[in-house]
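A single chain comes next, written as structure tokens; it is the form predicted on its own.
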């Protein structure tokens, strides 16, 4: 038997009756993927009015742009404006006990460098929501260096291992034509730590100008790290469950258009950043400005470290999605990912 919906408190530009009807249409359409008729709305709400009265209100909602009628004599479906009103008036949801356990268990056992964790997190998000996920890491330009170790491989080859505050570990080869001894390599490693700890890839550092082997190794190692900066500063993008696009959309052309966007990493990063900059957690249909994604909703949640946004989680699905559950899942995973990297989760 269908669950009857309580009338929400009137808010915004809709009165309580219209708000209840719109909520019922969105909920029913999300569940069935079919246009919703007035009789179904009357049966699943506590308005205590006739289907004819509901029908009149649905016509008014259509006139105001919240609903659309795809076919004559058919029921109504929500428009982007209708979904926006629905989302803006949702009560905050929480993940269920089973999902909460899955998320906490995942982060209790996940291991590896930041890139590995982000990639695995994208897969987790897709599994939990059955939507395509996007995880964006902001690169390492803002992360400070925790340690820099120069390892002696042989007489002419050394390895610089650098650990960043965001959990990233990078490795760079340092060539040594002169062939410094093990003691000099160890001293160069000590001086590198003193020079680099607490700095970032964008920091200016003062390397020694002396002509001895230790100073030369320090200069070459620092140069190897900073010359590689452009390749390790850029955003990292991980897509999880791209195959779910075909399951989420009916039209072949829509599937192709969405997959085409997902293949363009810069576009995906810009999309996520634009949504965050707009200070919203959901962009619906045409709101995000990408025509190929006009049939999509994108849900985002930031990942913060030391008060700064260092990444974001995104979920992409049809506008007909279970917003409350998906938004709650995105926030729960974002909070745990923030904790994993030593930050304070959002409220």
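Numbering follows the first chain given and starts at 1. Just so we're clear, the structure is a prediction, and the values are computed from it rather than from any experiment.
Heads up, the form predicted in complex with the DNA isn't pictured, but that's what we're talking about next.
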4.5 Å heavy atom contact, residue 59 to the DNA in the predicted bound form:
yes
Using 4.5 Å between non-hydrogen atoms, is residue 294 touching the DNA in the predicted bound form?
no
So, in the predicted bound form, is residue 285 in contact with the DNA at a 4.5 angstroms heavy atom limit?
no
Indicate whether residue 131 is a 4.5 Å heavy atom neighbour of the DNA in the predicted bound form.
no
So which stretch, 315 to 323, 295 to 303, 277 to 285, 65 to 73, is the one near the DNA in the predicted bound form (non-hydrogen atoms, 4.5 Å)?
65 to 73
Between the DNA and 17, 38 and 49, in the predicted bound form, does every residue show a non-hydrogen atom at 4.5 Å or closer?
yes
